[in-house]
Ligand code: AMP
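Take a look at this one chain, the form predicted on its own, written out in structure tokens.
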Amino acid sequence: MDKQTHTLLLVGSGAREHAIAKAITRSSRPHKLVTFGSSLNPGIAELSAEYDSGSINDPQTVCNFARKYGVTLAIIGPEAPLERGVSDALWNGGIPVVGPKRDLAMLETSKQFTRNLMADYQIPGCPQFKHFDSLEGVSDFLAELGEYYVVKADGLMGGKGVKVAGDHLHSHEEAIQYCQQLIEAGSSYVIEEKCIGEEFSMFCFCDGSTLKHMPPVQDHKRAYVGDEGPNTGGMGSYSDTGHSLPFIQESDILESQQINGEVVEALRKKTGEGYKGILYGGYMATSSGVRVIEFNARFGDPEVMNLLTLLDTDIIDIFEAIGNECLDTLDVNFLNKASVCKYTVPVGYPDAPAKGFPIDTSTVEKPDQLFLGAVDQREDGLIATGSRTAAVIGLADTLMEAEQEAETLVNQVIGNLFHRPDIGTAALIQKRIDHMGELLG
């Protein structure tokens, strides 16, 4: 039987969506890609038959674009359109979507929803937590947690709503001041136990019941070498051969996969709907098994660059199977390679980034391994707009070789930029291994 020729809608215009667009372009199936972004990403535009920009968070606007081009399958990249119900509107219009409906996307958009879901359905890996919308009871709970606490604003905060004891908050007084700021801003919040260990990301494709797991990846949030400086959207990430990471055990991988599955089952029971899209579990490997830091309802950026570069199964087959709830009939395979992603970002990022300066990617030796982020195309060339500018991926048989390739490529992006040269290096990875060794005793 001939496979359907899809007109695919990609919603979003960052480096994550550039990675998705590149994976779609590699498909052996005949297709047409149309993109609706919040801005013009020249890398995505080059791969799209049609490209327009506007309010990606407005369900009606996105649906109008989809109808105009006869879209048969939609992929939503960022989280904000999911929160605003863009997936619901497309499904209501008869268009299958890779990206959960609003009620299921609350897994990312509400910290309280997620912790309560885990508690109600007795899902393992949940740290001790309480939800607050005032200061009542905060001092008592902080006293119970001692020095090990995290304060998380409830809702989408662009990665800026979480403050961790020891990193951002250095006393209970500072923690209470931050809670007061959140209350004044109209946000409720969750205080939870701080887990000690090493973070990793476990992604899966999900069609509502079947999960197909991806290799684990480690992201690097801190801006500067040695995990110093402020948190960012992510300065880079890596994955290792054997679909593992050097500092985690097989049991950590199996536990995280099991928890992802239990969460999908709990969501179906709670909402009556299947979770269709990408499930992203943020985990901490600790001395007593894995703990859940958070869940996200879409691909992570930069981890998407690692995962879709490694993906060895036709992505249109996967997206179609998600929409049709038949992922169980498909083998999803990944290359047995190591990958290292490095972001180059404006000088001053994230707090006071330079903006509006030219960048040159013309000397990048492997343009297929380059992903454009916060850039604009002008008559005189590419301009950096102030956030993470471009990512590169190194792919090889060993982590050392993948890191060296990524380092070579990232240095070929020219502009008023910097990156973290230590991501994926033996020294930084050994630090992770030593840390877990100490914790496990």
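For clarity, every value in this text was computed on a predicted model and none was experimentally measured. Each residue number is its position in the shown sequence, starting from 1.
There is another form of the same protein, the form predicted together with this ligand; it is not shown, and what comes next is about it.
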Testing 171 to 179, 70 to 78, 289 to 297, 308 to 316 against this ligand in the predicted complex with a 4.5 Å heavy atom criterion leaves exactly one stretch, namely 289 to 297
Using heavy atoms and a 4.5 Å cut-off, decide whether L9, L33 and I44 all contact this ligand in the predicted complex.
no
If you check in the predicted complex, is R268 within 4.5 Å of this ligand, heavy atoms only?
no
Would V190 count as a contact of this ligand in the predicted complex, using a 4.5 angstroms cut-off between non-hydrogen atoms?
no
With a cut-off of 4.5 Å between heavy atoms, is H131 one of the residues that contacts this ligand in the predicted complex?
no
Heavy atoms within 4.5 Å of this ligand in the predicted complex: does A185 have any?
no
Given that this ligand is left out here, which of V225, V164, L254, A119 has a heavy atom within 4.5 Å of it in the predicted complex?
V164
Among the candidate residues C195, I123, V364, L142, which is the single one with a non-hydrogen atom no more than 4.5 Å from this ligand in the predicted complex?
C195
Relative to this ligand in the predicted complex, which residues of 116 to 141 have a heavy atom no more than 4.5 Å away?
P127
